[in-house]
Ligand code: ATP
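Have a look below at one chain only, the form predicted on its own, in structure tokens format.
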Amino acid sequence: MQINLPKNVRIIIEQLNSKGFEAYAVGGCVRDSLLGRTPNDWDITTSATPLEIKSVFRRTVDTGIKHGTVTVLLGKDSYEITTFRIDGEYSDHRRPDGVTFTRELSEDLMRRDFTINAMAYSDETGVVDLYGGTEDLENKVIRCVGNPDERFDEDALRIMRAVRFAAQLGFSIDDATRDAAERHALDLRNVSAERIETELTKLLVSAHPEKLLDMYEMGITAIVLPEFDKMVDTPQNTPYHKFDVGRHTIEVIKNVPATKVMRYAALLHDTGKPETRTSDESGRDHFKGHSFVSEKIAEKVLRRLRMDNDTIRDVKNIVLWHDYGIKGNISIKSVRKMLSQMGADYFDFFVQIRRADIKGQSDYNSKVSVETLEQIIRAYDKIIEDNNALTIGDLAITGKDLIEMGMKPGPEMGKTLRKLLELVLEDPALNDRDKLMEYVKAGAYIP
């Protein structure tokens, strides 16, 4: 099969060939090309040693020369070229203790994780597939190269990568590969949080985030995300639900946009339910206050995964507010107060997770839930249309005005402005500079 190599990749391969070295595009770019996808990047492997690579090209960077990788610069673009190599022992189940360079492509491909990632290509040779990668692509199977126990013993993260590739591609995992992954799942304790987060995020934003259940069945989440196991083990004996908390969570994940923030918010929105579950005398379950508990658990999980602060902030806020309106009693005043506390910028996120949450529940009373959400949306539209004040910065009076009235900057001023905001949230018509100044002069809103 012919692959359309980018011009610069072809130039690099041809220049190495002209000096007597073998060179190929390798790995994910070959896989994606055979699947009709556009590769994100192009990795090149060669029989040339790092020093020989540097002698062929004028502009290079020693990216990882000890492990055989040199970056070649062509124009504004850069390409990583790695020498054929054999990995040494993996004593920490993460990375080889050392590498040995080789002139044999077959030995380099043998060390790779899965057959679909162990193919090489050049225009001269066509696809080099020594381990059945093309057949596995056709059969939509994730299978380790060689002995799966050895592959997972070398790098435990490959256990998560197997499920992640299955989720991204819609493939199944070969039985022998799956069995070996289950046997080695405990080795994931040796993998850094950053690497765990990368694979989990790619799975969550994939086309098949429901593969998270595969991770549960294989014992992976028990190591990297035990909170999910607790959710799967928590039933929801209530007419509003048809799934346990974990499987409900999967439905919510599937129904929110495939962004990092929304998929993590969906993943974590009900993590507080196992802790808050109670049952009444009729056997019906209740989860009072679970949003508050879920917010705290969400922060703990995201910090454990070394997530960035912006993502933590956004996910926590969505998790905290995801259940707003569940009990009805919606008014334009209550929506104003909700927007003031939550932040109007989060409203679209709120709508997305509420809609997904409803879809993940039973049909019982679902029409009422949908109508309540539509009522909230109509209230929001009216609030925005009328330009209602939602924050202290929206008030018609400022701290400067209060200073001119004789108030000193400090806690007193902050309390006064918050009191005035409460007043305006109750009645937007009061957001008038003269009216607010009268309230302040009267002393009613000065602590």
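Whichever C-alpha set is largest while still superposing within 1.5 Å between the two forms counts as the rigid core. Start at 1 with the first residue shown and count on from there. No experiment lies behind these values; they were computed from the predicted model shown.
The same protein also has a form predicted together with the named molecule, omitted here; what follows describes it.
When you measure heavy atoms, are Tyr240, Arg355 and Gly360 every one within 4.5 angstroms of the named molecule in the model of the complex?
No, because Tyr240, Arg355 and Gly360 lack any heavy atom that approaches the named molecule to within 4.5 Å in the model of the complex.
Proximity of Asp113 to the named molecule in the model of the complex, heavy atoms at 4.5 Å
Asp113 belongs to the contact set for the named molecule.
Just checking whether Asp43 would be counted as a contact of the named molecule in the model of the complex - the rule being heavy atoms within 4.5 angstroms.
So Asp43 counts as contacting the named molecule.
Does Gly27 reach the named molecule in the model of the complex if we count a contact as any heavy atom within 4.5 Å?
Yes.
In the model of the complex, is there a heavy atom of the named molecule that lies within 4.5 Å of any heavy atom of Asp155, even though the partner is absent here?
Because a heavy atom of Asp155 falls inside 4.5 Å of the named molecule in the model of the complex, the answer is yes.
Since exactly one of Asn117, Ser334, Thr71, Ser340 fits, which has a heavy atom within 4.5 Å of the named molecule in the model of the complex?
Here the answer is residue option Asn117.
Here the chain is shown alone; which of Arg143, Arg164, Arg263, His322 has a heavy atom within 4.5 Å of the named molecule in the model of the complex?
Contact with the named molecule in the model of the complex is made by Arg164 alone.
Mind telling me which stretch in 377 to 385, 398 to 406, 30 to 38, 54 to 62 gets its heavy atoms within 4.5 Å of the named molecule in the model of the complex?
Contact criterion met by 30 to 38 only.
Only counting heavy atoms and a 4.5 Å limit, does any residue of 182 to 212 reach the named molecule in the model of the complex, and if so which ones?
Arg195, Lys202 sit within 4.5 Å of the partner.
Relative to the superposed rigid core, does the CA atom of Asn388 travel 2 Å or more between the shown form and the other one?
No: Asn388 shifts by under 2 Å between the shown form and the other one.
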